[in-house]
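First, one chain by itself: the form predicted on its own, in structure tokens.
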């Protein structure tokens, strides 16, 4: 089958999030982890490529995403989607803006839209300002993100230092008038332009998708990707064939949490009251192999059943580790430790919390493609894969997603 809709996600949790939202439209989704080594041979109507480039140097992110675009175009993709986090995780250097402009150049288009909103998960944009539930982004827990602290809520201001083209806002009063008004508000000049579109409800997403489905490149959160897929299915550009359901493997259950978001910390606190847990600290990991060996020993002696290994910590602990180790090394130590534990564990049902952690774990397990399973919460599905040790079920959770009981609910959902 020739691919029609090709998507590039900046981390692995974002990719599974996007794939699950697209799958709601009823069309089959292929989810690949990293740019495939071989030319397209078994592509589907929708191809999602997961990268680990949210916080990498700009030049590296641009190189990886343009390579992914080349593969998708080789598969026949006629519409491209650049998926980033619904909380717009980025710095003044990027990577959202530079990647968008690299993709625009490759696709020879002068404008694209930016719609990170995910109303179902409490992310909305009004007058160009991004809200997390009822809080402006810069007043939400995202202000203390260990890698990309978000200190401004205005998307046009956030994009400005990252891009060469100007920003343009389509405000909600226009969006509320529907598809025709949105399309009429798209700039008609040939200048390189980034268009932020207000979005406060699912109905807005549907109107935006209908108005912009003709664009070669669209950018935003998974909710927009799902809305676009629904438009393509309705138009006949994508098939509406139900995907084949995979069977979840039986076996031991493990949660690996590297995210330090407020929601993940609440989820860790909830789960530690229900299951054995072991905490990792980047400072002790930096001191030598003893900390990792202790965690491996602890894991090996646990009885069958759910268990948790986590490095999730409050902002003060994170800041202390970053002051002594540097933000990049502190994060890498945790990712490498959790990835190593995933390799040595005998678990066949694993929940991973955190985008960077998920990327490290999946790469350590040698997984290159995932099959979608049931959705646990909006944007978080179970996925299935084959590894050298047999089949495995994985749930890759963005740090901010889910309720307090997400970890226990995930395992209950899989076995229901």
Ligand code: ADP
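None of these values were measured; they are calculated from a predicted model. Positions refer to the first chain, counted from 1.
The following text describes the form predicted in complex with ligand ADP, which does not appear among the structures shown.
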property: Which of 24-32, 58-66, 377-385, 348-356 sits within 4.5 Å of ligand ADP in the predicted bound form, heavy atom basis; result: 348-356
property: 4.5 Å heavy atom contact, residue 86 to ligand ADP in the predicted bound form; result: no
property: Ligand ADP contact at residue 334 in the predicted bound form, heavy atom, 4.5 Å; result: yes
property: Partner contact for residue 306 in the predicted bound form: ligand ADP, 4.5 angstroms, heavy atom; result: no
property: Residue 119: touches ligand ADP in the predicted bound form, heavy atom cutoff 4.5 angstroms; result: no
property: Residue (of 112, 80, 95, 261) lying close to ligand ADP in the predicted bound form, criterion heavy atoms within 4.5 Å; result: 261
property: 313, 275, 179, 138 - the one with a heavy atom within 4.5 Å of ligand ADP in the predicted bound form; result: 313
property: Those residues of 391-406 which, in the predicted bound form, come within 4.5 Å of ligand ADP by heavy atom; result: 398, 399
